[in-house]
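Shown here is one chain on its own, the form predicted alone, set out as structure tokens.
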């Protein structure tokens, strides 16, 4: 039976629409009364796992799921051993460097050496500043990263930005965009090569899906 790792949060609804379009219905996971983390599609051909977005590539890499939907930002941060298959085109956001609006810096290149940068995306931040050959101290934060500069703990943050409203509401402005992120379809490498659980069949259908076409939920 095909197993799909589905991400909690912002990508879940469109992920479910994606699989609905090829005849697999995991929409019970959208029910606020649902407490199940593993469900079987009504056709009895696939099951869905509801997991934290950051854990999707872990379930796929270790073979507990053959397919998964996850943001490119998570793939860049975790660098899992999975097959990257399709840019699904939803979940648009960007990874950015931001500073307080009153900051004297107008570019990340202006940061003095050993500046402090708060981020939950530690590896993405470290890779970026490494490419700039600029030594900084990365402070790992996993809650409201915006509080880093507000409290004076850091000069800047590296975080995901969608509309930019959270930054503006907290007096922060974007300086640089590290990369754009969208939802990606990933697969367990061995399952993909061997087409286990009819994986090739499902992938062929998923590659044709356009979510701008209405799908009932």
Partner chain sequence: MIYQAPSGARDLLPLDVARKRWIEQRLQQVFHGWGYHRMITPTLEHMKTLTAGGAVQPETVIQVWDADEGLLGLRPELTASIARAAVTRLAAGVMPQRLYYNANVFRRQTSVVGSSQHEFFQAGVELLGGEGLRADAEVLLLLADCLTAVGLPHWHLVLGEAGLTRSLLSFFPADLRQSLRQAIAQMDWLAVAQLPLEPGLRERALSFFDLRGTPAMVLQQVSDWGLDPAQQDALHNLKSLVELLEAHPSITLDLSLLQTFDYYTGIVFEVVSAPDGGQRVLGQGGRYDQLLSLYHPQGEALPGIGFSLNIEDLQQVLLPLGKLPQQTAQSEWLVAAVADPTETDAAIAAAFHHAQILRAATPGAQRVEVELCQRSPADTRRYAQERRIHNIAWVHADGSVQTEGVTSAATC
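Here the structure is a predicted model, which is why all the values come from computation and not from measurement. Residue numbers count along the first chain shown, from 1.
Beyond the structure shown, there is the form predicted in complex with its partner chain, which is absent from this document and is the topic of what follows.
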Notebook entry, point to check: Does any heavy atom of residue 26 come within 4.5 Å of a heavy atom of its partner chain in the predicted bound form?
Noted result: no
Note to self: Taking its partner chain as it sits in the predicted bound form, is residue 174 near enough to touch it, meaning that at least one heavy atom pair lies within 4.5 angstroms?
What the structure shows: no
Notebook entry, point to check: Taking heavy atoms and a 4.5 Å cut-off, does residue 120 contact its partner chain in the predicted bound form?
Noted result: no
Note to self: Under a 4.5 Å heavy atom criterion, is residue 190 part of the interface with its partner chain in the predicted bound form?
What the structure shows: yes
Note to self: Going by heavy atom distances of 4.5 angstroms or less, which of 93, 139, 147, 85 would be at the interface with its partner chain in the predicted bound form?
What the structure shows: 85
Checklist line | 178, 58, 167, 53 - the one with a heavy atom within 4.5 Å of its partner chain in the predicted bound form | finding: 58
Note to self: Can you tell me which of 77-85, 125-133, 110-118, 97-105 lies within 4.5 Å of its partner chain in the predicted bound form, counting heavy atoms only?
What the structure shows: 77-85
